[in-house]
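Heads up, the chain below is alone and in the form predicted alone; it's given as structure tokens.
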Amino acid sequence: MRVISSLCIYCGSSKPQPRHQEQAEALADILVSQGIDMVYGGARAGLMGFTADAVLSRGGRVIGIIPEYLDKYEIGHTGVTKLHIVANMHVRKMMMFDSSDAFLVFPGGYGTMDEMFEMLTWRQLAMHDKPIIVVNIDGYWDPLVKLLEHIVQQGYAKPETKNLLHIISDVSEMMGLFKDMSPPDPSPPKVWLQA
């Protein structure tokens, strides 16, 4: 079983769709009931802010990490448990990584994909073995799944790399994934590069 005490949430800063809000509410219930801290990008806008508020309203802990150039536009969520204001996006992403035991990808845009692909690339390069979970709500990420399959089919990634991402359709599946995962391996994870 993989014990998770903090979960990094990657998601959009735009106004969330109703189904995405429903899943954010369900995720908040899970996090608070399991005593898992939420780590995220620190904004109060969009699906990011909605998810943070859902966790906070249930008495959960939320750690936000935002670069100072975004915080100066007053989009930082001052109501979170702890808001870290950092120098830039690179520091933000590294601090989010260091503060989290696993990553969950909700619907989002370019920034969400940037964060997810960086964690996926680091995993491929054996820089970590933290779980990366994509919540494919109502098929939102279907084009991404097809792209990843295409990359493998074209020979730019090994077939085994498809196992580096866990695709679920509902957040209710998340804790079952953690239960089925082995504890972190103290030895370096396998590098998934083409020979």
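What you see is a predicted model; the values in this text were computed from it and never measured. Residue positions are given as counts along the sequence shown, with the first one as 1.
The same protein also has a form predicted together with a small molecule, omitted here; what follows describes it.
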Quick check on residue 27: any heavy atom within 4.5 Å of the small molecule in the predicted complex?
no
Distance check, residue 70 to the small molecule in the predicted complex, heavy atom within 4.5 Å:
yes
Please determine whether residue 112 contacts the small molecule in the predicted complex, using a 4.5 Å cut-off between heavy atoms.
yes
Going by a heavy atom distance of 4.5 Å, is residue 55 a contact of the small molecule in the predicted complex?
no
In the predicted complex, which of the listed residues (77, 93, 123, 84) lies with a heavy atom within 4.5 Å of the small molecule?
93
